[in-house]
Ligand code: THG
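Shown here is one chain on its own, the form predicted on its own, set out as structure tokens.
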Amino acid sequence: MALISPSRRLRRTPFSDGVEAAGVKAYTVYNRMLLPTMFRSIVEDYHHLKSAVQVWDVACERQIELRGPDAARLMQMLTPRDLSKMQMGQCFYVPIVDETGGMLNDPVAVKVAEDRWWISIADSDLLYWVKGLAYGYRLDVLVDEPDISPLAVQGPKADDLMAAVFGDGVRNVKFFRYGWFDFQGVSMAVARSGYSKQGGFEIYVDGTANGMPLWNALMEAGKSMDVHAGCPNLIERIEGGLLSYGNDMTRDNTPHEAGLGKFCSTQTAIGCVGRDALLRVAKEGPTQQIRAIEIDGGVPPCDRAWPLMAGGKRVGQVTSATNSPDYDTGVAIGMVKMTHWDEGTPLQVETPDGPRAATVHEKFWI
């Protein structure tokens, strides 16, 4: 595999020194930042994530901050999810759509105050879309990228590690809520959320200078818990059906196609720029949708879409795939046409190593 050449266009993170000291073996590029993808091996990292606790550098989940009198109005313009009853202390998973209802991003929105929001984005240039809406509608709001960098703590022992650093009060934070906790005199938002199904937290680290002190504190406190540096794990995320924007869904897909219709309150999300288009989608229903795909035989690396076939006709595509050690099968995420998306439907997937028998499932493995 070719190396990644460093430059000022590829930004390091506040935790890069710790990641390198921990022996990172692979990166990808995400929001023009380095995102670790492997430390020991994907399989070893997978088993460890499910049994212990890991600290993840996910600073690449850049924040877009909306600040000012029209911040809430702009936030609602971005998403079909109804935010009118959202309170401080809550985090909402929000599909972001364009005027056609196409997915632009699927971030977590954090309501910091009535006039201040953070949007923790997936990999895309969403900042420019948000700035364009604010300028075009002449909104009284400042849109920028604050010096806030998420650090995730994930795994079954995440509560114990976080309590050791932030105090036992952190255990009381409920799912998709956040609280403010002190670290060395700096107040940081800590949310019970994260890109795994193993449970854990995301810390919104305030200030680049605070990155390595917090990293080191977590590593020191977690020695007795077998803490390791980790990263979002390909196997675990597919088993859990955690979607990857740019892989499993793009601007060509609506939230309903991505299985996110439950987050679309199109009747009440007044002001969303894609509301009219999504009202039609909600009425007619999607013609294709995300499904779990079980694949027989060994699965090669998936770096492009693989056709899903039935009777010689293409009925969808696999967008993410890997082999699962725990379930002893190939696991995948696919977009499947409604004619073939029912539980148990047999299909064939065309992989670079040849065709494989596949089965559609309505639920993911974890």
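Note that this is a predicted model, so its numbers are computed, not measured. Start at 1 with the first residue shown and count on from there.
From this point on, the text means the form predicted together with the ligand, which you will not see here.
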If you check 165, 219, 243, 112 against the ligand in the predicted complex, which one has a heavy atom within 4.5 Å? 243
May I ask you to choose, among 122, 130, 158, 290, the residue with a heavy atom within 4.5 Å of the ligand in the predicted complex? 122
Three-residue site 30, 108 and 194 fully in contact with the ligand in the predicted complex at 4.5 Å by heavy atom: yes
Answer with yes or no whether residue 176 is in contact with the ligand in the predicted complex, where contact means some heavy atom within 4.5 Å. yes
So in the predicted complex, does any heavy atom of residue 202 sit within 4.5 Å of the ligand? yes
Using a 4.5 Å heavy atom cut-off, state whether residue 181 contacts the ligand in the predicted complex. no
In the predicted complex, residue 93 touching the ligand (heavy atom, 4.5 Å): yes
Would you point out which of 292 to 300, 264 to 272, 206 to 214, 235 to 243 contains residues with a non-hydrogen atom within 4.5 Å of the ligand in the predicted complex? 235 to 243
Only counting heavy atoms and a 4.5 Å limit, does any residue of 34 to 51 reach the ligand in the predicted complex, and if so which ones? none
